[in-house]
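In the block that follows, a single chain appears as structure tokens, in the form predicted alone.
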């Protein structure tokens, strides 16, 4: 397994992309997405096509979509270079959830880019606006912000830092004596990003779509969100118990008064004849009345990585691995026609054994972005596997789709450029 992990840790800032997803899921408690698919109002393409494969606590997001109750969806982008196709999938996932009732939030993680990658503030701003153009071109509607300019996020990061110590961060991320202090500061800022929608708006289930390599941030945030809570709500055999974690006595007494017939004890209130859901809602409201946050623990979905055109990682630092949205057509054509494929070593073998589309970056361009209809994608897959579609012909067909996609998407980005500037 190549996760750039050390002692069981995943490195969110590494360059590895070949992950043993099954092992990671088992080790870190991520559930396969199949466990919640039946609870969705409809199955989106990124799940149907096996791009989003895992989740944490996505049930509460699915329930909110079915019931029409509030939820948030947030993700962030580190502006360390220009956006490319590798970023597009998670953007589409955010847009889909906004279209299905979510309140959208996008963080431009310029503090992280400056601390971890050494990107100048000027380039952080320039790259960040390019990310926003892509998002708006996809139809995103919601709130966008730069970490460095959001005072609420900064304050929330400070409050969050009180609830975690350095040894915990060392255990999660492998920080050592040589680690710059800006690095853990950028981590705690990401915690604040994830919790921010519930402060900016109101407490509600919050979805964070990410790659598996970002799971350490989700685990840390879920732990800190739990530490912020004043109460825990526990279901017992014939009653619901609200137990104080750090609530002032007045808050516990308020819970008792809101539920006639409840029993008040030192440190907890036992409530009879009520559902855990209603008790949890009331407990959240009381927390907020007494200066707390009432956070829901964030949910997350995990997508597979889109490989570079030469295999391996798609990265701005490897120009041959990708093409930009405004790249010259001749350059795009050269990169597609020189791309690695899932073909056999000889033409005869290709015709006899067929290709291996699941390992082919060219096929995956179609799977992720270019083949809009599932039936068209399956036809490409079938022809490849049966040896009826040779790699050269597939590249030419894919190149045609790429050029059509880029022409359309450049126009859409130009149309929304003013939104990114605003």
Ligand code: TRP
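Please read these numbers as outputs of a predicted model, since none were measured by experiment. Numbering follows the first chain given and starts at 1.
One more form of this protein exists, namely the form predicted together with tryptophan; it is left out here, but the text below deals with it.
- Distance criterion of 4.5 Å from any heavy atom to tryptophan in the predicted complex singles out 74 from the list 247, 74, 95, 322.
- Checked against tryptophan in the predicted complex, the residues 172, 233, 210, 199 give one hit for a heavy atom within 4.5 Å, which is 210.
- When contacts are judged by a 4.5 Å heavy atom cut-off, residue 109 counts as touching tryptophan in the predicted complex.
- Not displayed here, tryptophan is approached by residue 214 to within 4.5 Å at the level of heavy atoms in the predicted complex.
- Tryptophan is not shown here, and in the predicted complex it never comes within 4.5 Å of any heavy atom of residue 271.
- In the predicted complex, at least one heavy atom of residue 147 sits within 4.5 Å of tryptophan.
- In short, of 132-140, 235-243, 162-170, 101-109 it is 101-109 that has heavy atoms within 4.5 Å of tryptophan in the predicted complex.
- The partner is not shown here, but in the predicted complex the stretch 184-213 reaches within 4.5 angstroms of tryptophan through a heavy atom at 190, 193, 194, 208, 210.
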